[in-house]
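Coming up is one lone chain in structure tokens, specifically the form predicted on its own.
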């Protein structure tokens, strides 16, 4: 633990920003590695005489910040931590960094299943760090959750994240491609959700360095048009969903109409494309017959 005056810390922070980067990234680094939250940082503006307790000294923090500036590696991978909703998640370059817009998935589902006492079975396909599945399991202790991922490393990370965020046991993890591990759950799923790789090939080639060079390609690239995995998930969903079971998929900003058509071609009803924070059709949802 390192004790430092608020005044000295503020001067250090100004020096770091003068090198480049942005305040949000630096604040995230400070929160992740030094244990100083945004709320505490904001209090410094009021109580400048306060002493701060940091988990990491300023020299080490500066080394991490310099590495971020020099290599463009995301703060989340440098620290091994990503904050998402109310979760603190372990991440590595084997899993996608959870995005703020994906948080809307939890709100959409809460709007569908309003009875908190209802017992349902849900599956999160391609769980990555486990963000979606863990958030759903924690918010709904009566639900039985399943999370799958083709990467065993991702499953190990997601399992640790669930254990670190909860003492609940209503979420199980399976290694395998999309629906493949769920042979014993055919016709038993009330809700399936997926944030699959959906980036088209041309778009993937021009992604920002911090995304393309560091985040896992298999969690981003969705084939030439970005629809390869989405098509596979929708096509096999009727085997596993109950009658009237729901499927919710996050898609690329310009794929909503095509994904909606895939839902309809596979006998889904009540199909809608829902918008994200920016007013973009980011999520497609439908009910199986």
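Residue numbers count along the first chain shown, from 1. What you are looking at is a predicted structure, and each value in this text was computed from that prediction instead of being measured.
Unshown form predicted together with glutamine; subsequent notes refer to it.
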item	value
Whether 190, 192 and 238 all lie within 4.5 angstroms of glutamine in the model of the complex by heavy atom	no
In the model of the complex, segment of 54 to 62, 216 to 224, 26 to 34, 256 to 264 with a heavy atom within 4.5 Å of glutamine	216 to 224
Partner-contacting position among 87, 78, 182, 199 - heavy atom within 4.5 Å of glutamine in the model of the complex	199
The single option of 96, 157, 105, 137 touching glutamine in the model of the complex, heavy atom within 4.5 Å	96
Contact of residue 151 with glutamine in the model of the complex (heavy atom, 4.5 Å)	no
4.5 Å heavy atom contact, residue 101 and glutamine in the model of the complex	yes
Neighbours of glutamine in the model of the complex among 159 to 181 [non-hydrogen atom within 4.5 angstroms]	none
